[in-house]
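There is one chain below, alone, in structure tokens, taken in the form predicted on its own.
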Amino acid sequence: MRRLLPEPGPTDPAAELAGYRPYESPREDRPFVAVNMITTLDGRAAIGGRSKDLGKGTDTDLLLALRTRFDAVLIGAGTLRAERYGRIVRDPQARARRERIGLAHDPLAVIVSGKLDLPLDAPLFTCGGGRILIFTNHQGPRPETATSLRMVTMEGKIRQADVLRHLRQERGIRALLCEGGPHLFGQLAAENLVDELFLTITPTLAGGEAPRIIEGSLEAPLGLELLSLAEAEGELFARYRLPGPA
């Protein structure tokens, strides 16, 4: 892996994030929010319904390194069904590194699911490690899972601003990493709730019909500021800052 901007030279995911401390910059009424996504050259966020198959090893390494820097990881229900998540940080050494910088050993897995249509047989729910918090408007009992799970039932439409406010004020979450999917990213961006975007651009042309990295309507196009750019095996790894509320 080599850094192209701002200071060219050899690097790796751990070095790129060595000084990255988003948990030191919570907002007044919500956590600091970063989104991590991957796209093909023709703008597709998935192939065959999955984004996991797009990236190479360095993309996975960067994702795993990012997870060690946040209090919580936000996942949309569709992404969870497609990717069938396991424990967010599986490596015991990575969990130990989290504790050394003052984070909980496991990031809180935050799931937004209006209908509670979730793959409860996925390893995230069955492994027994980590913690899960579900936001839903489904009026029903809490699912029984091996992994510790709590549920917040909300009235009416789930607004991402309300989810983030609850996480900050009720759960003490200072920094949140959103791993999609595109509709969830679109909802966050539409409400001006995203601070940074980590975007992997893979040298692939997919064609056909597939979601883009962001779906839904924005009030106006958002201009982003490029903070850093790196490359490995033809993949580009960009980090952007999003504009704050007007």
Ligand SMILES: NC(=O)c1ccc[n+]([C@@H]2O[C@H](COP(=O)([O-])OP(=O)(O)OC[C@H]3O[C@@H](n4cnc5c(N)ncnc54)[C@H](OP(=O)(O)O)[C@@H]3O)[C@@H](O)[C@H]2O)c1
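In this text, all values refer to a predicted model and were calculated from it rather than measured experimentally. Throughout, we count residues from 1 along the sequence that is shown.
Just so you know, the form predicted in complex with this ligand exists too; it's not on screen, but the next bit is about it.
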Inset, instruction - Please name which of the stretches 34 to 42, 65 to 73, 201 to 209, 217 to 225 has residues with heavy atoms lying within 4.5 Å of this ligand in the predicted complex. - result: 34 to 42
Legend entry - Distance check, Leu116 to this ligand in the predicted complex, heavy atom within 4.5 Å: yes
Inset, instruction - Consider Pro26 of the chain shown here, and say whether it contacts this ligand in the predicted complex, taking contact as heavy atoms within 4.5 Å. - result: no
Legend entry - Non-hydrogen atom contact Ile158 with this ligand in the predicted complex at 4.5 angstroms: yes
Legend entry - this ligand contact in the predicted complex: Leu184, any heavy atom under 4.5 Å: yes
Inset, instruction - Please pick, from Ala175, Val112, Ile132, Leu103, the one residue with any non-hydrogen atom lying within 4.5 angstroms of this ligand in the predicted complex. - result: Val112
Legend entry - Listed residue that, although this ligand is not shown, lies within 4.5 Å of it in the predicted complex (heavy atoms), from Leu149, Ala77, Val89, Leu164: Ala77
Inset, instruction - Report yes if all three of Leu17, Glu196 and Leu229 come within 4.5 Å of this ligand in the predicted complex by some heavy atom, otherwise no. - result: no
Inset, instruction - Go through 163 to 179 residue by residue and record those having a heavy atom within 4.5 Å of this ligand in the predicted complex; state none if no residue qualifies. - result: Glu179
